[in-house]
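In the block that follows, a single chain appears as structure tokens, in the form predicted on its own.
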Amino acid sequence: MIGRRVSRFSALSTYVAALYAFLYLPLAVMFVFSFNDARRNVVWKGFTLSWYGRLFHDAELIGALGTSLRLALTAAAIASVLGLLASYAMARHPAFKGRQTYNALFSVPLMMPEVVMGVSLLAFFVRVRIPLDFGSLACAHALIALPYTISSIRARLLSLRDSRLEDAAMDLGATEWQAFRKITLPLAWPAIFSGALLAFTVSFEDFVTTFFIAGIGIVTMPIKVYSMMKFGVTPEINALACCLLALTMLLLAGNRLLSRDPAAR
């Protein structure tokens, strides 16, 4: 019996180790070769930091990074406001007509292939004669990120339902808006910020939708990386990927921290 348990434990440990190696070994190779003193990632020729220096002195790349940051911040702000309003309606007014239908429709962007989403949004914008500019792209990114903000904020509002603080405030003379602004909003802000971080990440990394909708002159970071990779994967691209990975890990760590129970924080 003990021998079987040891054998099962060894097999499970081997499987887990192989799974983690499959997931993270390519990232480790990318990180190591971002310091390779060679133009091509074929043979290791020595250690250098020059690729990171070239990365931060590339005007076009910095411009694409600035565009992606502005786009992600705008989309996250739109998705957070809409997500807060939708979550409040579903959590505080569960009896309104069509609630289940609205809840299902908000999950459609998660299940729909990005190619279908990009083509449909492009057809819609062209049909209603909306210009393909920064504003339309930000709205498209907000639509994609909306399910993430709703899931985060709605879960927080549902967890606050039994506290009845809003009812107590309104019994004392506060309007529903005052109770929302002074009680619900401060209690829900960690979930709002957490959803905004997820929306920022989703917008920042999006390629397919941006590829279809981005107008002339709008170059985001994923589009720029795609154009650079047409000439082969260089250490500069590896350095850029490492910087983006570090940014993503920081955002996920912040989201993880804000998603924890307040007492645990």
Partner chain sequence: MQPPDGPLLSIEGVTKSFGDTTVLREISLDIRKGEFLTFLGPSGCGKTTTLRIIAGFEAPDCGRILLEGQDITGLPPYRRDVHTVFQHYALFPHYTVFNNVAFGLRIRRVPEAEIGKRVREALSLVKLSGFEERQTTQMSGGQMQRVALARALIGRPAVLLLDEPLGALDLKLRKEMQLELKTLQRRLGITFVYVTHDQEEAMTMSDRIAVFNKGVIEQLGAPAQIYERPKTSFVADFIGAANVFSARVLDAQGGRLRLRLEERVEFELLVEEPSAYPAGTIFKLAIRPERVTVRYREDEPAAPGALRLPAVLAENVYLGNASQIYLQPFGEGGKTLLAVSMDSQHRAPRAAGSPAWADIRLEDILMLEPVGQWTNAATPAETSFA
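Positions refer to the first chain, counted from 1. Values in this document were obtained by computation on a predicted structure and should not be read as measured data.
There is also a form predicted in complex with its partner chain; it is not shown, and the following applies to it.
- For the chain shown alone, residue 99 is not a contact residue for its partner chain in the predicted bound form, no non-hydrogen atom being within 4.5 angstroms.
- Using a 4.5 angstroms threshold between heavy atoms, residue 183 counts as touching its partner chain in the predicted bound form.
- Contact check for residue 157: no non-hydrogen atom falls within 4.5 Å of its partner chain in the predicted bound form.
- Although the partner is absent here, residue 172 sits close enough that one of its heavy atoms falls within 4.5 Å of its partner chain in the predicted bound form.
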